[in-house]
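The data below hold one chain only, encoded as structure tokens and taken in the form predicted alone.
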């Protein structure tokens, strides 16, 4: 397998005439836990849409595991923002997680033992076994996020793409999600996460993409997460916070 899970070359994306992502080129290594970081309106979710294939590029190309187009799209599993989900739809948590097996069974296919095992292991991984019969809209934000992460785990794949999975969740859910993401990384999977909390960036990610429409920096977190790069990405205040954080780490 190629060393890069995602290769992006000269990618430009826009909504009507407004450019959202401008001439971005980067490589994301296999087996890495990647944080995509930047201010609101920086193009983070737009970049994710191009990676998962739901948005067509104005220019440039996205390649997954060395191949462009849809050739390796089956290796990708996507967890969207919770706000993109219809929580009033009459479906239980267990039914949502079982959707993760549709890729192997088909919409009307028969569940096999391997499918039931994958669903059970996914439920156990995110500790929601007691919620399986609850309607998805009746769950808390953190519980909903656990359900959709379980669906992703049940689906499987080599590349997991998650758009703000920590938004609106409680501390225990965030910790549980981080543990799952690390397990995926340690199992050789590549995980890409849109993230907004700079105080946890160093702790959570080993590779970073700093984006503000243009690519500011991409690479190992300990090299990329610097006051200079943050100043260029966000502005002076965030850089001052980062400098104080570095001073605390050094003391």
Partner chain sequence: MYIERAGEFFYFQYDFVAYALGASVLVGVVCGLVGTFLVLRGFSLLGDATGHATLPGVAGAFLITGYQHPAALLVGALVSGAAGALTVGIFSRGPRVRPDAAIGIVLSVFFGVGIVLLAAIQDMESGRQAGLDQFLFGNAAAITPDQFWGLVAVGVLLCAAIAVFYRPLAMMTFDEGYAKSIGINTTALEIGLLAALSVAVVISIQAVGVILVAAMLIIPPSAGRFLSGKLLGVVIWSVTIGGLSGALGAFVSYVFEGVATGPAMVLVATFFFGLALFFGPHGGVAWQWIRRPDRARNSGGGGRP
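Here the structure is a predicted model, which is why all the values come from computation and not from measurement. Numbering follows the first chain given and starts at 1.
Below, we turn to the form predicted in complex with its partner chain, even though it does not appear here.
- In the predicted complex, its partner chain sits within 4.5 Å of a heavy atom belonging to residue 135.
- Proximity of residue 14 to its partner chain in the predicted complex falls within the 4.5 Å heavy atom cutoff.
- Among residues of the shown chain, residue 88 is one whose heavy atoms approach its partner chain to within 4.5 Å in the predicted complex.
- Put simply, residue 186 is far from its partner chain in the predicted complex: not one heavy atom of it is within 4.5 Å.
- 55 is the sole member of 55, 201, 62, 215 with a non-hydrogen atom lying within 4.5 angstroms of its partner chain in the predicted complex.
- In the predicted complex, its partner chain lies beyond 4.5 angstroms of every heavy atom of every residue of 112-129.
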